[in-house]
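Have a look below at one chain only, the form predicted on its own, in structure tokens format.
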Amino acid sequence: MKRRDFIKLSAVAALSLTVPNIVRAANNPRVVVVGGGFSGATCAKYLKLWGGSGIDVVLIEPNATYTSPILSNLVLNNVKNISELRFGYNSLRQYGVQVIHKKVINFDTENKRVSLDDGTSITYNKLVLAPGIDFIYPNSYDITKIPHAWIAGEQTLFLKNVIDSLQNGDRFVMSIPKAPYRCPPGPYERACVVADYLKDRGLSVEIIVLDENADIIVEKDSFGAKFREYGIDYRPNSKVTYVNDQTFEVTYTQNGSSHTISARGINIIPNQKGGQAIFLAGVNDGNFAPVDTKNYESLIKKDVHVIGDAHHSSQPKAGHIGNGEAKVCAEAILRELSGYELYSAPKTNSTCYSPVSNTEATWLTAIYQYDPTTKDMKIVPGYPKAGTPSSQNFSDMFKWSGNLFSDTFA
């Protein structure tokens, strides 16, 4: 298919001039992408790379920089500096993406309009939502006292300060939310990194991990072995029900019994739901947005696509696969706007490296293919595959993450 044929997109009539404060579509169709993480930024970038001058792409993201959750646990043990994980959006502008640093306050999906917090609105032909995650807290407590550090940035630095303040004989308690949540191996990785870091500092700190799941949900053999090596007290089926930010106590239920423990350091990773945008747009069914993963279009509203952590599918919620979902979505949108038939069998790949110390990492990978019966992705036979902890994996982790960072933000 010739590129000029592929981007031969239909013209869209401008709205009436009597409508105030609206950025109007010109001759090109416009795709508005909400959210500038791995999924949103990748989708905006590839829409312009593949669509060229035949399409207008607008990325709406309130923050001027994005901090990668990938590798953020390595900030806790001084392997990485938080500044190395921060990315801006100037490269997307160079591709021709219009980047708007405003907050979305409402969606009119019937009239295809997005309202911003400065009083303006912008129209679209296709809307892509990539708002990431939000939290379901067990109770109202102060996260500036008890961090989650599951959205990287200031919370990561706060958690590092908590860990650095620990002394001999202290207790550190962290929780793991009920799946699905962002980055399945991430909490287990964090527990290992923290334990290794405290050991290297010569500290004896009791580490308790409260996992709401019935068992370690990914790479059980590798993480289980490391937990035993580090002496981590792992407690499955443990649901956090109350967090006291005054007494620094955590109440949880385990197998029907309630327990309360205190700790000098606490890291609660709450249960999760899709970002606010899916609820404002009315495309959620429960905590996440159901989609047809052939093109990631909402099963509730036409011309609204949801990618990344906020949608509901069989795929994990993670940056690498979010990057892949974004490309499938971008290609499908360009086909639809061009009048071409959608590709019938898209595939995605989920790969993740997890550090378990300051020198070793594991890896996990899986391939998914579209199942037209369920409109969902189905894992390809033979997957997932995993690697055991090694220094080679630790080295490869930075090549993998560097390629992902570049593909998304450069």
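Position 1 is the first residue in the sequence shown; the rest follow in order. Computed from a predicted model, the values in this text were never measured in an experiment.
The same protein also has a form predicted in complex with a small molecule, omitted here; what follows describes it.
Options 138 to 146, 333 to 341, 239 to 247, 177 to 185; stretch whose heavy atom lies within 4.5 Å of the small molecule in the model of the complex: After filtering at 4.5 Å, what remains is 177 to 185.
Triple contact flag V128, E219 and E297 to the small molecule in the model of the complex, non-hydrogen atom at 4.5 angstroms: Per the other structure, none of V128, E219 and E297 touch the small molecule.
4.5 angstroms heavy atom contact with the small molecule in the model of the complex for G132: Yes.
Distance check, N63 to the small molecule in the model of the complex, heavy atom within 4.5 Å: Close contact exists here: in the model of the complex, N63 approaches the small molecule to within 4.5 Å, heavy atoms only.
is_contact(D196, the small molecule) in the model of the complex, heavy atom dist at most 4.5 Å: Looking in the model of the complex, residue contacts with the small molecule do not include D196, since no heavy atom lies within 4.5 Å.
Distance check, P270 to the small molecule in the model of the complex, heavy atom within 4.5 Å: Looking in the model of the complex, residue contacts with the small molecule do not include P270, since no heavy atom lies within 4.5 Å.
Candidate from T351, N358, Q369, N28 lying within 4.5 Å of the small molecule in the model of the complex - any heavy atom: After the contact test, the surviving option is T351.
Partner-contacting position among H320, H312, K327, K226 - heavy atom within 4.5 Å of the small molecule in the model of the complex: Result of the distance check: H320.
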